[in-house]
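In what follows, one protein chain appears twice in different forms, each by itself as structure tokens: structure 1 and structure 2.
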Structure 1
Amino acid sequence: MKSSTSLGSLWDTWGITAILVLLLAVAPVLTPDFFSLDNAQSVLRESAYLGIVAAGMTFAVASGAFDLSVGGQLALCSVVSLIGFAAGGTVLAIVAALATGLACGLLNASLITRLSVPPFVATLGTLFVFRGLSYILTQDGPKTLPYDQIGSPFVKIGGLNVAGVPVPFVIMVGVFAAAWLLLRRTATGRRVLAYGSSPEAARFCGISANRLRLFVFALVGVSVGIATLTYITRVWTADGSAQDGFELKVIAAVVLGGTSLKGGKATLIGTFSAVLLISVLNDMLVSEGVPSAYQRIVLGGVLIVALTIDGLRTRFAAPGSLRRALSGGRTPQPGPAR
């Protein structure tokens, strides 16, 4: 690439990946059975649903918003999908999950564009609504994949491996590849970044905020729909409480990956690595038998360390800033004020 591809922008895209690689390098030392087939498969399988939603959420964050309702969407999609499975088997279950996700996304989008509710409040509101609806649909107890359906193709999605690679992970990789194309190689993706960078300027570039938000929130909804397929076929059950606190986990993965919460900058490679980083770390802590109170402390500490490296990098990128940073001053970021 050109000379302007500085070390800094390389770090933006690959920094968290580098940390992941580092962690993978020490993993076998700390956790001898880390690379055992069972364990590696389990790590890849369990992170898929988080990763798929995080891929969608990367677009929302890149556009300068986020969707707090994904946890509710996941619950509702799962419940509806299980109802669909009971009624019509695998195909209906899949269609139901995707359609519900899309519907949730469209609802969010129309609240934001038609009623001018800020995305934060709109999606916080629908978080309650989606969970509430899921509870209503599961008043007689959680919906479940019946044990006797264990041979059904739907149930297999979560458990099967192709050539040793778990199907959920394959789906996740596919989603990320598609998302990368969408973000980097289509007009729509470019519009998302432009809008996130400066909505006002984007307006004068012919980007319609309404169409864009419709697209972004529908995309998040669809990503939840896809994630549901890998989630529900792993845990086999859902009700209104499914994945409490999911929204923060997803947003954390996106931000940890290097996508800016202010919008305009996004990295799917970063999101992908961040998702794996979190689950690898989690797996290591769990298999080391670290008590959960301390697991939290370690996990939080690692989050800070990972982002500190990034923070320091931007601090020291500007000329003369190292000296200033050491003397306690603030460093100008190159580029215009935001």
Structure 2
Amino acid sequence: MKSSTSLGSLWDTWGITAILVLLLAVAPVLTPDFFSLDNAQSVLRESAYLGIVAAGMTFAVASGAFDLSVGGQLALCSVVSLIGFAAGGTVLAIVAALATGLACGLLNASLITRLSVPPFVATLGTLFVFRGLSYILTQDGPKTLPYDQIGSPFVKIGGLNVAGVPVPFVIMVGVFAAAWLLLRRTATGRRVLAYGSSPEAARFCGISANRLRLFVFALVGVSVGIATLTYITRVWTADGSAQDGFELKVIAAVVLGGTSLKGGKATLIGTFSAVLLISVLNDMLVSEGVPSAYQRIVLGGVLIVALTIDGLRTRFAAPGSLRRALSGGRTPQPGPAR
């Protein structure tokens, strides 16, 4: 049998992972202490909040939409979580973060399903709403964790290691495992992919667009709430400016990892590798003392590359494209009949 492997599927499976391995091989040359224990733990810890939100965003993009408000959600969840910690300790802080994230997701879903606002417009608007609320709540100054709480269970979420592995990274791995099972082993995951592939056909098969949107954006909100717990316990302070531009990093990671902006196709393994790639690249830039302005240029370049790859992936997604590329673009001619 002739191979029907496509270049698109080959890239989705191995592309970003191969680039990540190459970057890890080059990193010690540019940053000699890159593989030191402290630096490796720092990279894994920093990747957690980005990765957790990217796992949720993968579902949104696979359904044919995306959430531009996750940066504002992270800021608002962080502020509310610290207010909850000041009022009632660790448990209230955790509940506050998760509840706020869920509320943000449900608000986005309501705007989209009840008022028929396009996801792009709805989440762009709520991005400013959430950041505005964060500024209002911190108008007397940023919310912070008191230094005397360094040994509290809440702070340990971001600072504790298990067998040398940061707890935030362990949480991220757990979230990705749960997301993979949800996407690949449940009817809900299949509905997300089916709707993203063809909304009309999905509706004909009885899939409710409103329920699907409600689920997807609520899931993104909960993922932001979980990510908040790994973020705020590391930085200890929050206001409306927290993680400005965070939404672009999340979308870049998802698309770079192999999830198509057109919907209907998702790879959480690719998203996981892309998150680590972005985190490693960011660590190298910081270690080399690259100014933040240039770091933003690099992030913009990564986003452009991600969108370009998404277009090329579509072009080379047809079965047999790998064989045609290896043969110089010529289509093999059938042999003589026998």
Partner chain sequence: NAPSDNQNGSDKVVVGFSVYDMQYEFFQKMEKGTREAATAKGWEFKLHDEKSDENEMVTGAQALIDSGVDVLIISPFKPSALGPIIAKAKAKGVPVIVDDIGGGGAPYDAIVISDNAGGGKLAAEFMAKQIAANGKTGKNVASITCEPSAVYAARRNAGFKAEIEKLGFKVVAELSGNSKAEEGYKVMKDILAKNPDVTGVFSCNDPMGVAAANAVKDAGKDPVKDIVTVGFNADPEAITAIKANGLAATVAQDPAAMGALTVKLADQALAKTALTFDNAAEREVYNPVQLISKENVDTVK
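We call the rigid core the largest set of C-alpha positions that still match within 1.5 Å between the two forms. It should be emphasised that the depicted structure is a prediction, and the values quoted were computed from it without experimental measurement. Structure 1 provides the reference sequence; residues are numbered from 1 along it.
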Chain form predicted in complex with the partner chain, by structure number: 1
Rigid core superposition, Thr31 Cα moves 2 angstroms or more between structure 1 and structure 2: yes
Rigid core fit then Ser42 CA moved by 2 Å or more between structure 1 and structure 2: no
Did Leu285 shift 2 Å or more between structure 1 and structure 2, C-alpha, core superposed: yes
Core-referenced Cα shift (Å), Ile297, between structure 1 and structure 2: 6.2
